[in-house]
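Presented as structure tokens, the chain that follows is alone, the form predicted on its own.
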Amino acid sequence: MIPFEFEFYTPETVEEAVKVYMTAKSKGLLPMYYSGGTEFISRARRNEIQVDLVIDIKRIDACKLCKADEQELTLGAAVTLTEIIEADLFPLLSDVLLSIATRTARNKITIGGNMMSNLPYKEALLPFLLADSEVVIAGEQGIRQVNIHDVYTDRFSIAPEEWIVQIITNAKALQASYYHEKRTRQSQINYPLVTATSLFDSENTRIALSGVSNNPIRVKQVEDVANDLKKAKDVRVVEMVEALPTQIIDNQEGSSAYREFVLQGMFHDILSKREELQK
């Protein structure tokens, strides 16, 4: 049971959603955008958050779009993980999403909700970081489309009243060869010790990680080492770990030393797969 009362709105357009949010703020209320609702419900029940007004975006057409053409894939923020998996328009993304939670939970968790989660893992972000996807963001100043790296480094830097409407990915990334591995402490659907993903284009290896720091990361310095073919593979693996921008985290899921051991094995596998693709 949620231990507080709140108003619930279901706008049908992006503009209406923003207007409801800004009106509530002007009245001194605490509004929030809501999509799948799994995290909101669990956090509210634990009394970790309290809001006056919830704005459900699931009736907005732009947020329900799941469409690919010759140029790009467009995913609305309210599309569920199950819907994306079943459409299978971005194989790496489908693979990553299959390792998140249970089927029952994935039926409710939305792609936007996972990306903007308060949890540190946010594994759905990884394929979009690798693909240099664009995000469509709505807010008081209107709607803007920007590269994901312009608003995300190790967290999203958007205004409190802004929210992600869609994620747009270039079609070239959708069918690229990839690597994905998730290691957990127990069952495969638990929070990750380390999740490693990689996309391979004609010249470079791209790498994004979850579980090694407080949020998902894609680090250019790690990729630079991975793509330095003048160095032996084992040397690159060590230097890739050293190139991480922060110390590997240590928590109840696993120690930093064990995470580093797991990560080294994953880096070795990524470089090995790259070698196979180049043969």
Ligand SMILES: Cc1cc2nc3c(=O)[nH]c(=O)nc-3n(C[C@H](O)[C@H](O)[C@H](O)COP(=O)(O)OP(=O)(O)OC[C@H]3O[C@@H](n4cnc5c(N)ncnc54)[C@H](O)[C@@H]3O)c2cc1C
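Quick note: we count residues from 1 along the sequence shown, nothing fancier. It should be emphasised that the depicted structure is a prediction, and the values quoted were computed from it without experimental measurement.
FYI, the form predicted in complex with this ligand isn't displayed, but the following is about it.
Taking non-hydrogen atoms only, residue 254 never approaches this ligand to within 4.5 angstroms in the predicted bound form. This ligand is not drawn, but in the predicted bound form it has a heavy atom within 4.5 Å of residue 105. Taking the partner from the other structure, this ligand in the predicted bound form has no heavy atom within 4.5 Å of any heavy atom of residue 168. At a distance threshold of 4.5 angstroms between non-hydrogen atoms, residue 39 is in contact with this ligand in the predicted bound form.
Remark: of stretches 144 to 152, 87 to 95, 158 to 166, 196 to 204, the one touching this ligand in the predicted bound form is 158 to 166 (heavy atom within 4.5 Å). For the candidate set 244, 29, 62, 32, a heavy atom within 4.5 Å of this ligand in the predicted bound form is found for exactly one residue, namely 32. Scanning 106 to 140 for heavy atoms within 4.5 Å of this ligand in the predicted bound form gives 108, 109, 110, 112, 113, 114, 116, 117, 118, 119, 121, 122, 123 in sequence order.
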